[in-house]
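Before any questions on binding or motion, here is one chain by itself as structure tokens, the form predicted on its own.
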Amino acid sequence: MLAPLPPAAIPPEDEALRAEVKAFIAEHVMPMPAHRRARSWMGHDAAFSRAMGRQGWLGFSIPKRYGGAERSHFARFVVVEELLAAGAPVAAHWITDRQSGPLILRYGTEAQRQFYLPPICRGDIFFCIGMSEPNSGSDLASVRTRAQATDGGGFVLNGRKIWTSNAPHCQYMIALVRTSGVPEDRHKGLSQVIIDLSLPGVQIRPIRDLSGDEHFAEVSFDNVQLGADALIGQEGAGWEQVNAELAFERSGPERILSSMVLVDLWIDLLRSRATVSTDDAVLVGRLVAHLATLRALSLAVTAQLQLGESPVVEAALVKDLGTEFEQMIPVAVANALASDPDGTSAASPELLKTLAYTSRMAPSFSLRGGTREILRGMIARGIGLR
């Protein structure tokens, strides 16, 4: 049963990072046009990620002996919150830093940790994650991609993954695959493997989204030969490992800040006026109240991660409520501009471009990282309704 989450606060030593991060953003991020910044964790810039690595801001929770910062989840929260609120192009290292590095640290062998973690912390290598599949969507228990064990101790991989973010730009994938049984076995027989995406038999086909960007991809595997060291964690324990990983994916500031560049531009427009209408003032108040509440929930889940817990249901709540807030923003801003006689004409071209991009992408906010239907099923089970 879901237990109450105690409120949490960022420790002073981690909060102290904020000024340094703001200065870094002012130099490296704010010169970019707003409609580019609106892409944020969908915006790929490997050079920016390597600059983050030089600052020591990748691998926050990874021990120093592997090249990490060995700091708390709260320190990462501060850095991520500032980057996403400004719209920094973090896509290159995003999944690697948030999920793959912590997963390798927790479940990997010592050889895997020594091989992968130092370049992850430098921003030299990037991972994508292979979970969704054609005809399976976010129902991870029904994956059909199979890694068949060979006599030599390795695996032969066949199957397809889809909606894989940034696969064309990554060197590795951590995929959830079936190593035994059949899809009807659901959670049994699933394992995680690390796939070198340069291996023969791997094909990556970019998928263009509504905005014209190609950050998604379909990845197919045709008799890909994997060594025994491709397996991460225990064979057959993939379901439990993936669920622990999803707590990192679903609970952070990225689930509440995706539309924040648009909010900033719209508020800048309001500030440029002599007076603000009551309707606009009420909307600003609603946005602030929603944001403050969701941030408190996200921080409370961060505290659970810091304690070594795996708050999967609580993280699902953050994502479900947070993405609803993110999706509401472009509709609310568009309506506010439309109801204002001077709204559209007074809006800058950059505001309109950013509104157009955010509106096109908003439907995906509740898809990436698990659909709303899957999350609500998990939440229902967590509170004893299923």
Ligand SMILES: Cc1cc2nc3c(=O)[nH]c(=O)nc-3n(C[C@H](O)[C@H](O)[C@H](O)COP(=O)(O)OP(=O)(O)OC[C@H]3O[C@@H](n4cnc5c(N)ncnc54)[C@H](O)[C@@H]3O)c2cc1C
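Given the structure is predicted, the values throughout are model-derived calculations rather than measurements. Quick note: we count residues from 1 along the sequence shown, nothing fancier.
What follows is about the form predicted in complex with the ligand, which we do not show.
When the ligand is superposed onto this form from its pose in the model of the complex, 3 or more of its atoms lie within 2.4 Å of a backbone or C-beta atom, and the site is blocked.
Residues with any non-hydrogen atom within 4.5 angstroms of the ligand in the model of the complex fall in just one of 231 to 239, 282 to 290, 190 to 198, 122 to 130: 122 to 130. The ligand in the model of the complex is not approached by Tyr172, whose heavy atoms all lie more than 4.5 angstroms from it. Put simply, Phe216 is close to the ligand in the model of the complex: some heavy atom of it is within 4.5 Å. Not displayed here, the ligand is kept clear of Leu17 by more than 4.5 Å at the level of heavy atoms in the model of the complex. In the model of the complex, Ser165 approaches the ligand with a heavy atom inside 4.5 Å. This chain appears without its partner; in the model of the complex, the one residue of Leu317, Ile62, Leu355, Met42 with a heavy atom within 4.5 Å of the ligand is Met42. Ile374 is the sole member of Ala362, Ile374, Val21, Ile10 with a non-hydrogen atom within 4.5 Å of the ligand in the model of the complex. For the stretch 345 to 372, the set of residues having any non-hydrogen atom within 4.5 angstroms of the ligand in the model of the complex comprises Ser364, Leu367, Arg368, Gly369, Gly370, Thr371, in sequence order.
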